[in-house]
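Let's start with one chain on its own, the form predicted alone, as structure tokens.
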Amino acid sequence: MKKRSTRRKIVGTFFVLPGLISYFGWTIYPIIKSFLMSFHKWNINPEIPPLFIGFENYKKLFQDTLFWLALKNTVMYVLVTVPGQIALGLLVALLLNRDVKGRIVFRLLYYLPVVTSWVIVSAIFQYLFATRGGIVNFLLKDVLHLVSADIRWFSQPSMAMVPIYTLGIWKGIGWSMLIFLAGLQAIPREYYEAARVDGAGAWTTFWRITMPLLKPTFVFELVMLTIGGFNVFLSVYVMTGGGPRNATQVLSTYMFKQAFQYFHFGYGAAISVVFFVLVFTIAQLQRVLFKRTEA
């Protein structure tokens, strides 16, 4: 019996080993390497050894106005897109949770943006928000007559984040809808039947039954979408590149710019370490929120 148990552990280890090696090689090692690089002035030339400079990169980081602007833009992206994805995702999930004809097709259509390449949809939104010939300006100016002149979405610092917010919300609705659908379908039908017998209306049923029982789903969505929001990169990189005048710079694009355009690898690594701390903190909040929800 003991030999059989030992054999199972050995076989199980061999099955898990490739995943562990991959995890340590592609996740743990880069994190450790980035942390060490952040204390050095790192040269791209392998013949020039890295120069240890201590906390200089971090001192520079916290005095860098562009870093704080990128952090502000990242936080604003999360504050705008996360509620938008949750609200619209819940609305679509409620509509598609009913016995609607062709609901499977509608679910597929709403989920399609989730699996579409970020590069492709970013290029499409670049066209939609183009100053001349863009569909958005055509609708606002020529159809709805809400503005008198074309809006320069990508050249005005005050407007440049709007297409990025819009894309972030649009692309995330399908994922949010899918999670909410799973939560809605897990609610026992008996609760709604009992509410109808008691004479409760649709609004009362929604607030008294649906919303409380969807609380764990809301917590999960909030945490996952927040982490995803902090990692925004491709939409900004493709549509604006961080411009105009760094107005749309976010943490990931600023880190990429410092490391791979200016070759300030040590400084870029310091940004990535701070970035990691932020995401790690959110992950810890996730644990706390889930514990409170379960309690």
Partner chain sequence: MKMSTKRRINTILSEIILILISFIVMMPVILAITMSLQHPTEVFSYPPKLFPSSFYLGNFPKALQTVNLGRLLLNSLIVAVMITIGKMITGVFAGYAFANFRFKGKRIAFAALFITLFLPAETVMILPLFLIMKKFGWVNTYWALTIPFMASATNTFLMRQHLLTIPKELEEAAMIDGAGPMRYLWRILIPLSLPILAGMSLVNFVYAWNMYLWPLIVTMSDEMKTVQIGVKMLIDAESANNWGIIMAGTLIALAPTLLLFFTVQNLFVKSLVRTGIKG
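Rigid core: the largest C-alpha set superposing within 1.5 Å between the two forms. Numbering follows the first chain given and starts at 1. Everything quoted here is computed from the prediction, not taken from an experiment.
Just so you know, the form predicted in complex with the partner chain exists too; it's not on screen, but the next bit is about it.
Contact with the partner chain in the predicted complex, defined as a heavy atom within 4.5 Å, is made by all three of 42, 141 and 231. Across the options 67-75, 206-214, 103-111, 156-164, residues that bring heavy atoms within 4.5 Å of the partner chain in the predicted complex belong to 103-111.
Between the options 52, 29, 262, 62, the residue in contact with the partner chain in the predicted complex by a heavy atom within 4.5 angstroms is 29.
Although the partner is absent here, residue 227 lies within 4.5 Å of the partner chain in the predicted complex, judged by heavy atoms. Residue contact with the partner chain in the predicted complex: residue 98 places a heavy atom within 4.5 Å of it.
Interface residue remark: residue 256 is counted as part of the site for the partner chain in the predicted complex, having a heavy atom within 4.5 Å. Contact check for residue 237: a heavy atom falls within 4.5 Å of the partner chain in the predicted complex. Contact residues in stretch 108-129 (any heavy atom within 4.5 Å of the partner chain, taken in the predicted complex) are 108, 109, 110, 111, 112, 113, 114, 115, 116, 117, 118, 119, 120, 123, 124, 125, 126, 127, 128.
Shown in the overlay between this form and the one not shown, fitted on the rigid core, is a CA shift at residue 11 of 2 Å or greater.
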